[in-house]
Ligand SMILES: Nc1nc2c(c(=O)[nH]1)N[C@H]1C(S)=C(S)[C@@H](COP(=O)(O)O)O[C@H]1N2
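Take a look at this single chain in structure tokens; it is the form predicted alone.
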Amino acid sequence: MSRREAGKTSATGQERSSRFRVVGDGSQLGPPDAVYREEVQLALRNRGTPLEGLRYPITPAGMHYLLSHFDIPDVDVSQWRLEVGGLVSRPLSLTLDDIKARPSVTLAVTMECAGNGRALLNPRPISQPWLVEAVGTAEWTGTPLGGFLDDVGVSKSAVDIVFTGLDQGVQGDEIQYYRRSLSVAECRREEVLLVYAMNGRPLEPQHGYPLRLLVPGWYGMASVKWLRSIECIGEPFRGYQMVGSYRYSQSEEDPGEPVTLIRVRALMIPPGIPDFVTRTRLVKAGEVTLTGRAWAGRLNVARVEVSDDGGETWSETELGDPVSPYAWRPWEYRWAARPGTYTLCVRAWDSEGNGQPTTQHWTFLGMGNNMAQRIDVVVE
């Protein structure tokens, strides 16, 4: 059944054709100040990390951002197996106990959705409407993927390794399981894990129970949840989630470059107290300690700067230590807040000199948006 056929059964599907221009991957473009039913539905199924949650070095599981493309699978772990095969000498069929019996590693990793910031675009794709909250840092426990590859004897002719989840749905007029691939060399990096625990507890159903892939430094789409199989293949994998989505494209026809590593970003814990609807902050005059977190994928965060005039002038902050090489680091700045109205901004720079832009760059699918954060504040 195609997406178009599915839409024939509801008024929403009939209305869509007149309200949106449908693009090749099944997303739509809409005006910046309208909110549509499809976006509300996606936002209610998924969630961002509340920005006050940035105060925790390790994000509590209930605060960690969440994105599920399709339905959360119903998994009976007594029947579940991980199948490892393809171009290998010794295929494996593993239970969860088999995997947990292997050497374990616990690693703190900051994970961010590639679509973080999509709702700030103008025009924007009608998809999961993230502002800036699609990020979190968890302590993941699992076993290195490279050990499995050694055990199965990956053929020298293998090019890509395909990871298939149990979640199934329709996207881009295609019935599919969620599938992503990585190169063999990427899979052999020591930090790439098959994980079964988050923050010291078994994975929750929405976070990939019983087993998921973890690819530190990459945007979250690479860390496939609800793993059912790992297959070694002899050519680049061209499944939908590789070529129809997660691309830095500028039009429906533009294939664009693939989305891979996380771009540098800093976020601020909004100071003071919020207005209920607008989230504008009310702050008392005096010295205010501004704090937050910054991260840069596999690179180091070199510096973080803040501005209280909407990005006209900037001041450098003090940086703390990251909780791991793949996790965010804290920053702090003491702001002399005088009565008035302000737009606070924060931006970061990585160890290779890449910085956050102060104006939003645009992509057709809303990927990799790392514009400097802006927070409206009233000081009394």
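Numbering starts at 1 and follows the sequence shown. All values derive from a computational prediction rather than experimental measurement.
We do not show the form predicted in complex with this ligand, though everything after this point is about it.
The candidate spot formed by Val264, Ala266 and Arg329 is out of contact with this ligand in the model of the complex: none of the three has a heavy atom within 4.5 Å. Taking Cys187, Cys113, Ile99, Leu82 one by one, only a single residue has any non-hydrogen atom within 4.5 Å of this ligand in the model of the complex, and it is Cys113. For the options Ser104, Ser155, Gln206, Asn300, the residue carrying a heavy atom within 4.5 angstroms of this ligand in the model of the complex is Gln206. For this ligand in the model of the complex, the listed stretch (345-353, 312-320, 36-44, 61-69) containing residues with heavy atoms inside 4.5 Å is 61-69. Taking the partner from the other structure, this ligand in the model of the complex has no heavy atom within 4.5 Å of any heavy atom of Thr260. This ligand in the model of the complex is approached by Tyr246, whose closest heavy atom lies within 4.5 angstroms of it. In the model of the complex, this ligand lies farther than 4.5 Å from every heavy atom of Gly86. A residue is said to contact a partner when one of its heavy atoms sits within 4.5 Å of a partner heavy atom; Ile126 fails this definition for this ligand in the model of the complex, lying far away.
Scanning 146-167 for heavy atoms within 4.5 Å of this ligand in the model of the complex gives Gly165, Asp167 in sequence order.
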